[in-house]
Structure formats: structure tokens, C-alpha cells
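Just one chain follows, in the form predicted on its own, and it is written as C-alpha cells.
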């Protein structure tokens, strides 16, 4: 059987392996699931002929027979999370294991009045109308990056559990929301499908920390999606840290819709995984909004990390800053595809896109494609990319101060990443990320640095 036939069989098994979970009390949810199921029947498997998948093969995915389950394993009652949570215990915390919320490990005591933080499944009965309103938003359904996406449809067809956050008008959380996605080894290679919804109402503000981690070194496929609504004059700081095992496969999809005068700051960190990709789609629904999307990816050994960024400026007087940096070591490979579109009526747009990459070995590779499409005539926009290696003169300068070569290169790498570290406003997050970057790049498998 050739690769094409293998891929078709893999897709057939993925689609037909189980039944869509019904919910007799929520007709709209059943309809969304069924519509997504029907969509999948007509989709082709992504390949390099499709522009969105030109640099990223799914050959690693189709080697596994991923299975979806709606049940938690019997091993979960004894699971502890101490080694995975951040040192600061003052956050509101939700824990998902293999895509399902585990209430006994969560801590959401002391929530302000009318603030909802919980799992999507349970919130269907208490906040069903809010969830229906936002998950059925036509702007997301019409998004070019999700409307014809096989994996997005797969996530919707099996939509069952995930994160639900609703911060009411003018509310300000006194501490961050920490969400731990922990994936544990099972008898089967799991297909994990969490669906998240975050709604920040007018004038409200919050900080959200998402972490994707795993125990052991086992194969699974996390195909997750998150819809974020930052309404008028609201603010959200969003940290998304993907730090999974060397056998994991991760496909994340983040859709962001901002109201007038709102502010969204997203920091995206890809630090682990065998095969990982994150698609970020941001757009506006009113004037005066600002969006910061910042990212850092470290790649080593035979890892592949891919970021796809699509920012649509469809209202006047909005601004955005997109700044991603990558450090690629060993035989690692990275992809960055960033796109800003400014529509004709989006005058006074201010948008800047930057991607810089540092290659630490002769075998390291990066494919970077920043794009600008401008249809308005009164804008301030720019984009740029760089790919380079460590400057030997800088290494020599540091070594002349009595520092050995390995430490000199480590210092230069951390300095290169420093612009992203400076955007990590929470000390516990910054400390954790800096340590993980050092471990990833200078562990024994990363010693083929040149």
C-alpha cells in the first residue's frame, strides 16, 4: 500500500471509528456536530499541494491508528499533578487529563460573582445559551482558515469537553486562570479533542495560562481548538505553552475575535513534541482594537514545529504586532507562515510582522513566509524575516572573557530569545520558560551544535 492509499485509509478510520455523542437537550450542538461530520466526508487529506500544508507533511500522523474515547481511564483516580503545576499556587486552576476535565484536581474556589470558569461539558447545562451564541458565531464559520479544515471539523464533530471561561462586564480577575492539559499513556494511541471557549465581556479583563504537557514518552494526537472573544474595551493576556513529549503530535487552533477598543496579548510558546502545529486566526469586529501575538519556538533532534498566523484587519483604526522567534538545533525543522490582510475599508491600520530564526546546526532547517496583503491606501504596515547562525565573532568575544564555548553559545541563544522572555509578565511563567528553553537546546541530544 503506497502512502496515498495509506492516507485515505487512515482518514476513513479517523472519521468512522466512533459515533458522535448526542445531546438530546441541545439541538444546536447536535446540529453542529452532524454538520461537521458531513463536512468531513467531502474533505481531502491535507497534502503539500495545498498552500496551507505546503511545508508540513502529515506523514508522521498517518503512521498511527489514533483512537478517540469519551471515557477516562481507571488510572486517573491516583493521578497527581504537583510536578506539572506552576510554582505560584494562587491561580484559579482547571485540569484536563486526556482531554477531559477532572474536577477533583481543579481549584476554582473564591470566584467573583457571575464569573464562570469550568469545563465545557458541565457548563452546557448552566450557560448553554451563552455557549451556543458564541460557538455558532458566523465570523468564525466563514473564516478561510477553519471553514474548509478537516481537523477543525473533526474537533467539532466530537465536541464534548474543554475549557469554558466567561468574565462578565467590567469584572477584573484578581489572579490568573491556569489550565493544565495533561496527557497520560493509555493502552491505545489516543486521539484527544478538547474544545475551548473563552468570552471576555465589555470592559472586563483576565489572564489565561494554558499548558500542554504529557507524562512519559508515548504517542498520541491532541487536536484542540479554542475560540476567544474579547469584547469592546476588554483585555485578555493569554499564555499558551506547548511542552509535550518527544512522541506527541499536537495540532492547535486558536480563533480570536476582538471588539472595539479591546486589547489581546497572546504569547505562544512551542517547546516540545515530535510534530506540532498551531494555527492562529485573529480578526476585529470594531474600531480601535489592538492585538499583540508573540511567539517563541525551540526545535531539536527530529522535531517539527509549525506556526500559521492569519491576521485580518477588517475595521479602521486597529493595530497589531506579530513577533515570532525560533531557535532550531540538531536536525530540527520549523515552519512559520504569517499573513496580514488589510481590507479596503480598514483605513489607518497599523500592523507589523516580524520573524527571526537562529540555526544552531548544519542540519537545522526553517521555512519562513511572512505575507502582507494591503487593499487600503492609508495604512502603516511592514513585514520582515531573518535566518542566521551564531556569529563566531560574538562567541570569540565572550570566550575572551574566560567563558567556555558551550556557555558562550547558550548565552547568545538566551539573548536572542530575550525579546520574547521580556513579554512574559508573570515571573513564574518566565522562570519556567527560560529553564525549559535551556533544557531543550542544551540537553545531550542537542550537542551537535556547530
Partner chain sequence: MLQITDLHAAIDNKPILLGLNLTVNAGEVHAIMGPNASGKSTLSHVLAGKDGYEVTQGSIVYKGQNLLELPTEERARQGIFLAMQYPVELPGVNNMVFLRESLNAIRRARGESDIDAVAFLRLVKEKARLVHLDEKLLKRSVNTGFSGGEKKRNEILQMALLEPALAILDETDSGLDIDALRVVAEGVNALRSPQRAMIVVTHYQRLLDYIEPDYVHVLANGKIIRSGTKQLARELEEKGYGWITGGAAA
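Numbering follows the first chain given and starts at 1. It should be emphasised that the depicted structure is a prediction, and the values quoted were computed from it without experimental measurement.
Although not depicted, the form predicted together with its partner chain is the subject of the following passage.
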(message) For the interface check, one of 35-43, 404-412, 50-58, 379-387 should have non-hydrogen atoms within 4.5 Å of its partner chain in the predicted complex; which one?
(response) 404-412
(request) Counting non-hydrogen atoms within 4.5 angstroms of its partner chain in the predicted complex, say which of 62, 420, 29, 398 makes the cut. (result) 398
(request) Examine residue 416 and determine whether its closest non-hydrogen atom to its partner chain in the predicted complex is within 4.5 angstroms. (result) yes
(request) Report whether the minimum heavy atom distance between residue 69 and its partner chain in the predicted complex is within 4.5 Å. (result) no
